[in-house]
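Let's start with one chain on its own, the form predicted alone, as C-alpha cells.
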Amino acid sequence: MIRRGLRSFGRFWWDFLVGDTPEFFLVTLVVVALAFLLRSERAWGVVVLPVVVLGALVLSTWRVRQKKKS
C-alpha cells in the first residue's frame, strides 16, 4: 500500500517537473546552478543567466519548428 502510494507520488512529480520536454527541466537546473555559482558575481549573473535562458528558448523553438516541417 505504501509502496504504491510512493510510486504514484514519484510519477506525479516526474510528470510535473519533466513532462513532455525534459530539456526544460535540465535548463531549469542549469539556470539555478548558474545562479547559485554566480551569486557573488552579480554583473556576470545579470549577463549570463538571461543569455542562457534566451538561448534555451530559441533552441527549443527551433527544434519544434524543425519537427513540424518534417
Partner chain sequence: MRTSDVVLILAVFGASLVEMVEALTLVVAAGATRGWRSALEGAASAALVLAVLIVAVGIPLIHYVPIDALRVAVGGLLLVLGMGWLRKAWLRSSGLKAMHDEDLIYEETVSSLRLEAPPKTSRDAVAFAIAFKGVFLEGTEVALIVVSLGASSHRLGLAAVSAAAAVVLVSLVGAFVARQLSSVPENALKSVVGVMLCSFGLFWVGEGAGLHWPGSDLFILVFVGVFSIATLIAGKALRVPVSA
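Predicted model, so just to flag it, every value in this text is computed and none were measured. Residue numbers count along the first chain shown, from 1.
The discussion below concerns the form predicted in complex with the partner chain, not included here.
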Close approach of Arg7 to the partner chain in the predicted bound form, 4.5 Å, heavy atom: no
Touches the partner chain in the predicted bound form: Arg3 (any heavy atom, 4.5 Å): no
Within 6-32, the residues that have a heavy atom no more than 4.5 Å from the partner chain in the predicted bound form: Phe12, Trp13, Phe16, Leu17, Thr21, Glu23, Phe24, Phe25, Val27, Thr28, Val31, Val32
